[in-house]
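This document opens with one chain alone, in structure tokens, the form predicted alone.
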Amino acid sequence: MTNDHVTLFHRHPRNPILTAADWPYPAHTVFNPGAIRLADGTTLLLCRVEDRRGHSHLSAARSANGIDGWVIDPTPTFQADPTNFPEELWGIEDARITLLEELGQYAIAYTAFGKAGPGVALALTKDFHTFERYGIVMQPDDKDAALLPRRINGLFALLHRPIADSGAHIWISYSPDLRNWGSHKLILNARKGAWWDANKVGLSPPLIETPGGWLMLYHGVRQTAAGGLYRVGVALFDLQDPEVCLLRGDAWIFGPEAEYERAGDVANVVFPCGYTICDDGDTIHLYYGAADTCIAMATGSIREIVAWLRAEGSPPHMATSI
């Protein structure tokens, strides 16, 4: 007997790849970056930057190889606008980026933090310099949201994580215009008891389209005597009907192990919000916040993750609506 297990994500040896010390203006911490690979091959991270008030904004960092040589915007890229959007009174957080090819724009789903709590807001941009805000689309308490890159049955689809009496689970909602949302359905429950993802789950980066289904990386939170322990798991959903979960991994596949993940403002946290896929169509660069303090990157293979899920996952046994 050994304690060997399959390693699906490999930390980059230069981690953390970005810290507050790299910023061209005062910042307390930088973490939880959305990510996208632009048409010219540049990797763009839309990083959450927390100032010394505790309020966050978003700042873009660009790199030719997605690892180093980062060029960071000299001033905040996308700031809260509480005058026109009071739900952003205490900042904006945790962007997920999706290219909507039919609109020729990038959609940013982010958390707007106001007096009522965190809610899901949307904005569109073509260049990450100017933004069209759609405002809040999912009322508090709701976060961890991302759009699918194409319509499902003629409708835009948004994954998000509301907190209700039933708990903190992942839902999907639909819209004809990105402004009016309905047909809300629960698609991934938080488990109960001693599971690593008991009681609270949330979407990590946007879903990955594969030939066998939509691949979801999600975070689960286990409450321990020392606080919350954030780790990453995986599930697979039907391509034509993403409400249908085909497989769910029983075990987590990526968790805090390195010192920069285990010690920081919030200990024991790996929190991915974005990824890029390399030219081979398989290698994935997963960008994540470590301990709510810095940004790190891990590399994996989409094919290997799907193969592991098919070998080690199980069909879900819980109801998909409540």
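Keep in mind that what you see is a predicted model, and the values were worked out from it rather than measured. Sequential numbering from 1, following the sequence displayed.
Below: the form predicted in complex with beta-D-mannopyranose, not depicted.
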Next item on the list: May I ask you to check whether Val269 falls inside a 4.5 Å heavy atom distance of beta-D-mannopyranose in the model of the complex?
Entry: yes
Check: Taking the shortest heavy atom distance, is His160 within 4.5 Å of beta-D-mannopyranose in the model of the complex?
Finding: no
Next item on the list: Indicate whether Tyr230 is a 4.5 Å heavy atom neighbour of beta-D-mannopyranose in the model of the complex.
Entry: yes
Item checked: beta-D-mannopyranose contact at Lys143 in the model of the complex, heavy atom, 4.5 Å -> yes
Next item on the list: Within 4.5 Å of beta-D-mannopyranose in the model of the complex, counting heavy atoms only, one of 35-43, 256-264, 59-67, 269-277 shows up; tell me which.
Entry: 269-277
Notebook entry, point to check: If we check beta-D-mannopyranose in the model of the complex, which of the residues in 41-64 reach within 4.5 angstroms of it by a non-hydrogen atom?
Noted result: Arg48
